[in-house]
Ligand code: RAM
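Presented below, as structure tokens, is a lone chain in the form predicted alone.
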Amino acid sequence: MSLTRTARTRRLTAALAVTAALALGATACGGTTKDDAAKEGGTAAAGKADPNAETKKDLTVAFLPKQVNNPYFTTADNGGKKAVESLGSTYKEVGTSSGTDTAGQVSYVNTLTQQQADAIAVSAQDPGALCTALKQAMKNGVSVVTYDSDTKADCRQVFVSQASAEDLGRTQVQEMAKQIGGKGEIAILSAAQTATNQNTWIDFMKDELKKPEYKDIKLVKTAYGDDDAQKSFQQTQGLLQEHPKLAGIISPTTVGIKAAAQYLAGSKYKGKVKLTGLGTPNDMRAYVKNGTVEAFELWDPAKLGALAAHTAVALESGQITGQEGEKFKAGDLGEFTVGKDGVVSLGKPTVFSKSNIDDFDF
């Protein structure tokens, strides 16, 4: 057991027994424990980051996606696994099979804290539900990174964003406007109603639609498929029945856009109702080639998972604390800078169409 892990055991014991806390506080190994102020309530470290600090090895880095066995998160977490192992540490993945089981996510965070994981990378199903558990994890010395979907800023140290939320929201509207010629009714097919990332992107979509150039586009409804293929398929059908003049659907979720494409491909709306949003090339290739979908966008989820892993290890190694302006290296991904509110952005999304979709395999 490493000195850091020993210190963590002491802190965990201290949290469970006040008497033991006094004794352990007096006998803790000087100079080897983490600065508790770095973890308290999810705030940044009281001390400064050391970008030249040695990268720690033999850590346990746990990934907690919104939903296991979801192709998107499988790709992202496999990217995380590869990065963790390349850094000389141990990767593990836990999670629920439902994209809306917030209680299940809380339970996994608590278990990982009890198991003394060194770092947790979590994609939050709800912005607030995990906060108490994540704050307790940080108090016990666990480095906490969110990726793909954030919590409240004080409930983690760094959020690894797919791209800027603003870019993602606005570019999806821009792509839809291009496809429908700047006029017509549109709808949004989202994931869970509480999904932080989805709601943030949708807010930017609505703001983009306020611009004069979109005066002839009307957002008629936002539907929720809960990242469930069957429900998303049914929601697509319902949108078209409720709004027969619908010109296009934006689905900022990989499960939703695929399900919507499946419905459109087998309906009279194929090629008439435009569909864009966020999808993976492998899921959408057939629909692009058969004319159901013109273009859509996404980042590389494997790189997102890898960046989350590098960020978690950088935090655990003391190379960053989550303060704005800190820089760290993420292997082949290059150097990144921590932005406002502890956000690290992977980069701008890629637009996939018939011209380039065969260049990608994920």
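One-based numbering along the sequence shown. Because the structure is predicted, anything quoted here is derived from the model rather than measured.
Although it is not shown, the form predicted in complex with this ligand is what the next lines describe.
In the predicted complex, this ligand stays beyond 4.5 Å of every heavy atom belonging to residue 287.
Interface residue remark: residue 146 is not counted as part of the site for this ligand in the predicted complex, having no heavy atom within 4.5 Å.
Within this chain, residue 263 is remote from the site of this ligand in the predicted complex, having no heavy atom within 4.5 Å. Mapping the unseen interface onto this chain, residue 162 counts among the residues with a heavy atom inside 4.5 Å of this ligand in the predicted complex. For the residues 173, 133, 278, 189, the 4.5 Å heavy atom test against this ligand in the predicted complex is passed only by 278. This chain is displayed alone, yet in the predicted complex one of 254, 105, 232, 151 has a heavy atom within 4.5 Å of this ligand; that residue is 254. Heavy atoms within 4.5 Å of this ligand in the predicted complex belong, among the stretches 310-318, 330-338, 64-72, 48-56, to residues of 64-72. Looking at 179-204, the residues that come within 4.5 Å of this ligand in the predicted complex, counting any heavy atom, are 191, 197, 198, 201.
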